[in-house]
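Take a look at this single chain, the form predicted alone, given in structure tokens.
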């Protein structure tokens, strides 16, 4: 194993660890912070692959946009420091089955197709070329995914508003 492979495994372990902690912790603020670390880990994976523009977009859109929006909405709620309720046993069982199915499906795909060893040279792409391709409406253009990201940001904003809404208690 060379240093590049070791760095990849360290980054992958960091992403998986932060992701697992994001979904298993019972404090909502800590969950948002672990999500932040997981997304930063994904950006570091992009930097490791030498795709700096995609890493910068990852940091700006997801870390800078969505996670900060989620954290602000958590601060706006009245019970931001409270623990979330324990998940129901039904949900835990179905979650474990979904994870097991996901691992089995991924293992089957890897077993079926495998990884081909190819020699490739590093690619050089200018940021202006990426911008032109993202906004292109041609066959290989990415204007639709570009618009989907804006819908994702809108959905995150609506989710934050829903989280921040104060619930009126009916006094009886």
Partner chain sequence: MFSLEGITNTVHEWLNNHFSPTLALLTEFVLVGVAAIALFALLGLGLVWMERKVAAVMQIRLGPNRVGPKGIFQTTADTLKLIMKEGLTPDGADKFLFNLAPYIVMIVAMLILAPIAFAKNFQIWDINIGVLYLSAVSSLSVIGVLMAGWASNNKYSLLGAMRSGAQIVSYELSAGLSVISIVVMTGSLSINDIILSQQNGWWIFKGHIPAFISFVIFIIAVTAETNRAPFDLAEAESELTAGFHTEYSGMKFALFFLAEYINIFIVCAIGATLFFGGWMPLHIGHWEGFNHVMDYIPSSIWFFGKTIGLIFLIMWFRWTFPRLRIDQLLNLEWKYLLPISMFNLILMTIVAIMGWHF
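In this text, rigid core is short for the largest set of C-alphas that superpose within 1.5 Å between two forms. Positions refer to the first chain, counted from 1. Worth saying up front: this structure is predicted, and the values here are computed from it rather than measured.
Just so it is clear, the following notes concern the form predicted in complex with its partner chain, a form of the same protein that is not shown.
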I'd like to know whether residue 127 contacts its partner chain in the predicted bound form, with contact meaning heavy atoms within 4.5 angstroms. yes
Taking heavy atoms and a 4.5 Å cut-off, does residue 101 contact its partner chain in the predicted bound form? no
Is residue 53 close enough to touch its partner chain in the predicted bound form, meaning at least one heavy atom pair within 4.5 Å? yes
Residue 60 versus its partner chain, in the predicted bound form: is there a non-hydrogen atom within 4.5 Å? yes
At a 4.5 angstroms cut-off on non-hydrogen atoms, which residues of 28-42 are near its partner chain in the predicted bound form? List them in order. 29, 30, 33, 34, 36, 37, 40
Core-aligned CA displacement of residue 64 at least 2 Å between the shown form and the other one: no
Residue 132 C-alpha relocation of at least 2 Å between the shown form and the other one, rigid core basis: yes
